[in-house]
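To begin, one chain is listed below as structure tokens, in the form predicted alone.
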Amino acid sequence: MGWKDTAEPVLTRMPTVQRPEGHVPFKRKLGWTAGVLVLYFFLTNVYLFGLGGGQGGDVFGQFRSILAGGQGTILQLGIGPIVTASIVLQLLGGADLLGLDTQNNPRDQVLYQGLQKFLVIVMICLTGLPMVFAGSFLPASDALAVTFPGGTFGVKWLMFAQIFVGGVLILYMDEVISKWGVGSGIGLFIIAGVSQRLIGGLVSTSFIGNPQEIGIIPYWIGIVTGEVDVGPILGSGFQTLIFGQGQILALITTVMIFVVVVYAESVRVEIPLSNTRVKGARGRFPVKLIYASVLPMILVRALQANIQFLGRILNAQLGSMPAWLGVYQQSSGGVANPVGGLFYYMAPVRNPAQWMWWLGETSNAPWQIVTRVGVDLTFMVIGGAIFAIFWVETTDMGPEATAKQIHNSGMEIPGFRRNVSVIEKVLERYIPQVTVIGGALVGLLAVLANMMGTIGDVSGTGLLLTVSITYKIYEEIAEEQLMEMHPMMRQMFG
């Protein structure tokens, strides 16, 4: 008896969102999407009952914009467990350890979906338990512990229960959007989180209470009106305007990322197609430069986030680690950040101050900084290429699966025999190479955007994801509207 027979009773009984039996009208899709987004924003503002001492230090730190959610809220974990479960499944599937044929076997498809949900629940526990019970990342309220059954231990279990419910909710919210809405839930949650920070970075006016949080527009208005003292700015040689609160470099980087991603999305190799059912009907299959999209970057950054999370847990539990492994320093936000050792070199570069040693904002030696940048660049470029390959194969975007989809839709490549294997051979000339190049390019862009800094201090990866996902949602909406206007096209192209 194989593992599939043993696990089938559990995996097939995992709760699931029912697929629509027929075509879902576009307006209804928009309604479901908007409803889930409103629920998401609501949950990111529902703070954990029993949380004391403020919201605690955000253990995800610079990865928060990618993993969505909100520090100290029910959605504390964000999409982290979903992404981590996807990494595990892709690695297992890439090594062919699962033995599941999700393309042709309906039973294996159900088992795969059930296994994915089961792994997400496991990851919710593996991530949530250390956050609550180790390292004081989510400190329990001392006042509530006096009267609550079980004292502090009982309050911590109560907070974990809320985090667990939030993790399960975001799992099914993602599934609702994927089946009944527009785009994917994970993508929309990332757009929502990054957009909030971008808008805050532009128009935030909280400089009276915290000068570090002022937006770029109020800051420049303050300079013009005299509310901001220009003396320190002139004394710093305009470094403050370029690299600091003036955010000139961040503004340029943000605009350039928008331009480059939109341009890269339009670069493609188009394979001509003709329809065998409708004479004269022609089309094109685009193989884009970023063929696997930028979504595999979530997996790469999530892997880095989990490594850094492990380092913070070890530092909190051990008090002090061997210097070669990690040296941590408490930041103003209440989170210990690595400043030396292995975990320092494996931490991504977040902003110009972390690698421009001549600005005097980092105490690390130039060779340490260069090594860290090199490791980050290597990790992102190679990781981006590898996870792009996994993504293409597991989402049925590879040459074999795509050839079957083209063949089943009644299309063929003019000048070639109408045969699946022939179409596959043509696609193999482009898809594998473009997948690797596109994945590596996105990894390079993400590192460069991080190094230059962005508005609102969103990560470069988060900005890349937001622009690319928004562009794809725009294309999907345009396609849906076209299909609504011409229903015959839906039947023609399947």
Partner chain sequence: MSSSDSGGLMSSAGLVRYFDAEDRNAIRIDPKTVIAFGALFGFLVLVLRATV
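In this text, the rigid core denotes the largest set of C-alpha atoms whose superposition between the two forms falls within 1.5 Å. Positions refer to the first chain, counted from 1. Just so it is clear, the structure is predicted and the values come from calculations on it, not from any experiment.
There is another form of this protein, the form predicted together with the partner chain, and it is not shown here; the text below is about that form.
TODO: Choose one stretch from 392 to 400, 309 to 317, 347 to 355, 374 to 382: the one whose residues place a heavy atom within 4.5 angstroms of the partner chain in the model of the complex.
DONE: Correct option: 392 to 400.
Open item on the list: So, Arg284 and the partner chain: in the model of the complex, are they within 4.5 Å at any heavy atom pair?
Closed with: Arg284: yes, in contact with the partner chain in the model of the complex.
Task: 4.5 Å heavy atom contact, Phe118 to the partner chain in the model of the complex - done: The answer is no: Phe118 has no heavy atom within 4.5 Å of the partner chain.
Open item on the list: Whether Val24 contacts the partner chain in the model of the complex should be assessed with a 4.5 Å heavy atom distance threshold; does it?
Closed with: Output for Val24 is no: heavy atoms all beyond 4.5 Å of the partner chain.
Open item on the list: Please determine whether Arg268 contacts the partner chain in the model of the complex, using a 4.5 Å cut-off between heavy atoms.
Closed with: Answer yes; at least one heavy atom of Arg268 falls within 4.5 Å of the partner chain in the model of the complex.
Open item on the list: Please identify the residue among Ile214, Met173, Ile257, Val228 with any heavy atom within 4.5 Å of the partner chain in the model of the complex.
Closed with: Checking each option against the partner chain in the model of the complex, the one that comes within 4.5 Å is Met173.
Task: Single option in Ile191, Leu77, Met123, Leu295 placed near the partner chain in the model of the complex, where near means a heavy atom within 4.5 Å - done: So the residue touching the partner chain in the model of the complex, by this definition, is Leu295.
- [ ] Would you confirm whether the three residues Thr44, Met131 and Gln329 all fall within 4.5 Å of the partner chain in the model of the complex, going by non-hydrogen atoms?
- [x] Per the other structure, none of Thr44, Met131 and Gln329 touch the partner chain.
Open item on the list: Where, within 149 to 185, is there a heavy atom within 4.5 Å of the partner chain in the model of the complex? Residue list please.
Closed with: Heavy-atom contacts to the partner chain in the model of the complex: Gln162, Val165, Leu169, Leu171, Tyr172, Met173, Asp174, Glu175, Val176, Ser178, Lys179, Trp180, Ser184.
Task: Post core alignment: Pro20 C-alpha displaced by 2 Å or more between this form and the one not shown - done: After core superposition, the displacement of the Pro20 C-alpha between this form and the one not shown reaches the 2 Å mark, so yes.
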